[in-house]
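Starting off, we have a lone chain in the form predicted alone, written out as structure tokens.
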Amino acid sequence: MTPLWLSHFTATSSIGCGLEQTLAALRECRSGLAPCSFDTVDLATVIGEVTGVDAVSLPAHLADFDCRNNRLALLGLMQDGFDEAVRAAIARYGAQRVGVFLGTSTAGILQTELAYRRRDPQTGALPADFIYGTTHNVFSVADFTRRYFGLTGPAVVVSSACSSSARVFASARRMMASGLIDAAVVGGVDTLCLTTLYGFNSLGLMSAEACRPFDAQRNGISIGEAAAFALLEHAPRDPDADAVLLRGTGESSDAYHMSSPHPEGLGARLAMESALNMAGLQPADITYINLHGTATPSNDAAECKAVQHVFGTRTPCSSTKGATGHTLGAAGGVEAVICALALQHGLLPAGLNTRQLDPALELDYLLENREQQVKHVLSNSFGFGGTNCSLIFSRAG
């Protein structure tokens, strides 16, 4: 593929708002996970909650979109000059030539949960001020974003569980390659809600402590929330050396089970191989792999087998979910930004909280930060139902 340029990018999660705070947390090996005190949740678990979301106010003309998910989206858009960068792109290309491609899993479902608490005691009717279409609806976050910027081009939401905001890179790439748009706002937003917390708890997938990917005693995920965005444009003829390029995307659907990965990591392997083929790279070219690494026994084992099949055991890798928590539909976007930071700053981030690596999972898993020149990185995102996506990012210089 012709590489695409991440001309601007940003992330907001439990480890910080914007690139400066995110990079500092990664360098300091600081996690954003803390005991759960979200809303009325009564679970013995830890979560990655973003501070200040409830203090965000949407513009008056977008008041119907008010919900936690869209407030976090706006908080994320306001970081690192991203808002201004998108508006500059609109001035260059036109409002109809900039697309919006965002991933989410639960969207604004918290707004529905809150509305159910205020049902009419006699009729059971939801309150009149509850607007499903602009809050809970899965398209809400893309609709909000395009209206916020005044965009009239394509707007798409991908909701493929935990691969959602990785797959949007592939969707945007296809539309840019077809000539339908010149730039795209890509990324993902997902926020905490009771449905997610109690739902994963009912599946027995939640850990009572901060998640420990690839640890011998790993026992479940820590749920987080985040907003991450990138502005994709066609790469300039002579990009700066530290410019970050999207080189390859790989997608697959193994459909092995609704909530369990293929035990041999078949779909994950196909996604990684497809990304390498598109990028025109060999496995040995990859400097670092950002693993999906959820810290459940089956997911980490399946991903390990897939990585071993494609890369062997010597490529440095880690999961950054020990820092941010598993941000579900936003995970691919957050980890894409972390990969971009790795490329620009020569930082291979450690996998936090992991105390004793599982000897059955033989990989070069980083327990401490490693500083070195980074040229190509691969990021994995795998979701329920066997929906898989791998992305390859490269440093231009």
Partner chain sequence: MHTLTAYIEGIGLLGPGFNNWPDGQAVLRGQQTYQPARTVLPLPALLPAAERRRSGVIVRLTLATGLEAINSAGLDAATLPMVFSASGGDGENCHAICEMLASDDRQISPTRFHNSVHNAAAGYWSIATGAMSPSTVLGAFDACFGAGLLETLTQVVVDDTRVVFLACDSSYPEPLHSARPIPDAFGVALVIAPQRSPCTLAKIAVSLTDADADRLADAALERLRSTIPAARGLPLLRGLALGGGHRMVLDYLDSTRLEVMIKP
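Remember, predicted model here, so these are calculated numbers, not experimental data. Positions refer to the first chain, counted from 1.
This protein has a second form, the form predicted in complex with the partner chain, left out of what is shown; the following refers to that one.
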Contact at Glu264, Ala295 and Tyr365 by the partner chain in the predicted complex, all three, heavy atom at most 4.5 Å: no
Partner-facing stretch of 75 to 83, 193 to 201, 309 to 317, 285 to 293, counted where any non-hydrogen atom is within 4.5 angstroms of the partner chain in the predicted complex: 193 to 201
Give a yes/no on whether Pro121 approaches the partner chain to within 4.5 Å in the predicted complex, heavy atoms considered. no
Although the partner isn't part of this model, could you tell me whether Gln96 comes within 4.5 Å of the partner chain in the predicted complex, counting any heavy atom of the residue? yes
Heavy atom to heavy atom, is Phe130 within 4.5 Å of the partner chain in the predicted complex? yes
Is Ser207 one of the residues lying within 4.5 Å of the partner chain in the predicted complex, judged by heavy atom distances? no
Identify, from the list Ala301, Ala89, Ala235, Val138, the residue with a heavy atom within 4.5 Å of the partner chain in the predicted complex. Val138
Would you give me the residues of 350 to 387 that have any heavy atom within 4.5 Å of the partner chain in the predicted complex, in order from first to last? Phe384, Gly385, Thr387
